[in-house]
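Here you get one chain, nothing else, as structure tokens; it is the form predicted alone.
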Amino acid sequence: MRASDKAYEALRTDIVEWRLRPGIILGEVEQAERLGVSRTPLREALARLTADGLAVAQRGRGVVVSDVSLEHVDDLFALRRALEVESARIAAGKADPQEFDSLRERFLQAGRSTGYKSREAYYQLAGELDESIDAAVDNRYIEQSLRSLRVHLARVRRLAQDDPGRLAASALEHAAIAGAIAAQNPEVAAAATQLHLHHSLEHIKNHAGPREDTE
């Protein structure tokens, strides 16, 4: 992996996971030393983060982690609906039924438990479903758009601080999506995705607030 790619991935993960909070200055010397790269690839990484909207250049301060605003959550979800609903519809006509039936069973198990190992483990499972749908759709333009969108959604999601009840409900919603794709039913897959996104948006709006470090 190129040094700039290494720095970019590390910084992007730290921003999404809130280890680098909004407003923190991403000083070139400090971050280059922390990540073990020279300043040239570090600058390249900062430029990519700025292009992604995860960082902004401020006069007199340098590059800082961008703020997370709930003002644009409706816009984010409008794009998410357009991409994910259509992706579910396409995947249902092309995917391997066994792969998605297996995912369905895992989500059902997660939904029945009071807590799926950990919050991060559940998000990893949800990420597996995303990757499987992306692979089935096999459209690099949709995949690239979703990759960028999901980074911003992950930051917003962490403001909502999901409770076990919402995670369990979300698991059952994901099971319905995976099940519809496994059954090769495009319209049911699209409808299940639409319902999940509606519930996700409502939860974020009703529960998001200033993040507190409790971990």
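In case it trips you up, residue 1 is the first one in the sequence shown, and so on. We call the rigid core the largest set of C-alpha positions that still match within 1.5 Å between the two forms. Note that the coordinates shown come from a computational prediction; the quantities given were computed from them, not determined experimentally.
Here the subject shifts to the form predicted together with another copy of the chain, a form of this protein not shown in this document.
Stretch 66 to 74 is the answer when you ask which of 30 to 38, 66 to 74, 164 to 172, 178 to 186 has residues with heavy atoms within 4.5 Å of another copy of the chain in the model of the complex. Taking the partner from elsewhere, residue 132 is found to have every heavy atom lying beyond 4.5 Å of another copy of the chain in the model of the complex. Although the partner is absent here, residue 112 sits far enough away that none of its heavy atoms falls within 4.5 Å of another copy of the chain in the model of the complex. Of the heavy atoms in residue 138, some are within 4.5 Å of another copy of the chain in the model of the complex. Of the heavy atoms in residue 144, some are within 4.5 Å of another copy of the chain in the model of the complex. Contact check at 4.5 Å (heavy atoms) against another copy of the chain in the model of the complex: all three of 43, 78 and 83 pass. Within 4.5 angstroms of another copy of the chain in the model of the complex, the stretch 26 to 61 places a non-hydrogen atom from each of 43, 44, 47, 51, 52, 53, taken in sequence order. The two forms, fitted on the rigid core, differ between the shown form and the other one by less than 2 Å at the CA of residue 190.
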